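Only one chain is included here, represented as structure tokens and corresponding to the form predicted on its own.
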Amino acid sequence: MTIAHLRTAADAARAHAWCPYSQYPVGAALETDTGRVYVGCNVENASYPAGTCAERVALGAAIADGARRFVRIVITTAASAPTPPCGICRQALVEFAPALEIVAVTPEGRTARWSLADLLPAPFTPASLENA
């Protein structure tokens, strides 16, 4: 799957974002190791902690469909600078894809790339529970 295709999918999801409080729509397109793509948008709530980020919406859709291995996520926002996933999303994603490639794209096409390992260098993983 190309970055352009994933960006288009993320932008389409972003168009459906529910963000009346932040006015910060986000779209995400999560690609599996088989090339399947799952999308998500942020869904805010008047009770702020009940809101969900686009990355976790895409992850939830994928998990509900049986997908478990992911290679890339493309995130789009209306911001002028490419925006990486928040800490909670990083933690949710590392459970399934510690080597995930993360690509953030602005409306103008500015792009930034990270590995999830770079953004979350010391993750809490299932192996962490073995040390309890």
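Numbers for residues come from their place in the sequence shown, where the first is 1. Every value quoted in this text rests on a predicted model; they were computed, and no experiment measured them.
Unshown form predicted together with a small molecule; subsequent notes refer to it.
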With a 4.5 Å heavy atom cut-off to the small molecule in the model of the complex, the contacting stretch among 101-109, 61-69, 46-54, 29-37 is 46-54
Heavy atom of S22 within 4.5 Å of the small molecule in the model of the complex:
yes
Worksheet item: Using 4.5 Å between non-hydrogen atoms, is P82 touching the small molecule in the model of the complex?
Response: no
**Study point:** 4.5 Å heavy atom contact, A92 to the small molecule in the model of the complex
**Key:** no
Inset, instruction - State yes or no: in the model of the complex, is some non-hydrogen atom of A78 no more than 4.5 angstroms from a non-hydrogen atom of the small molecule? - result: no
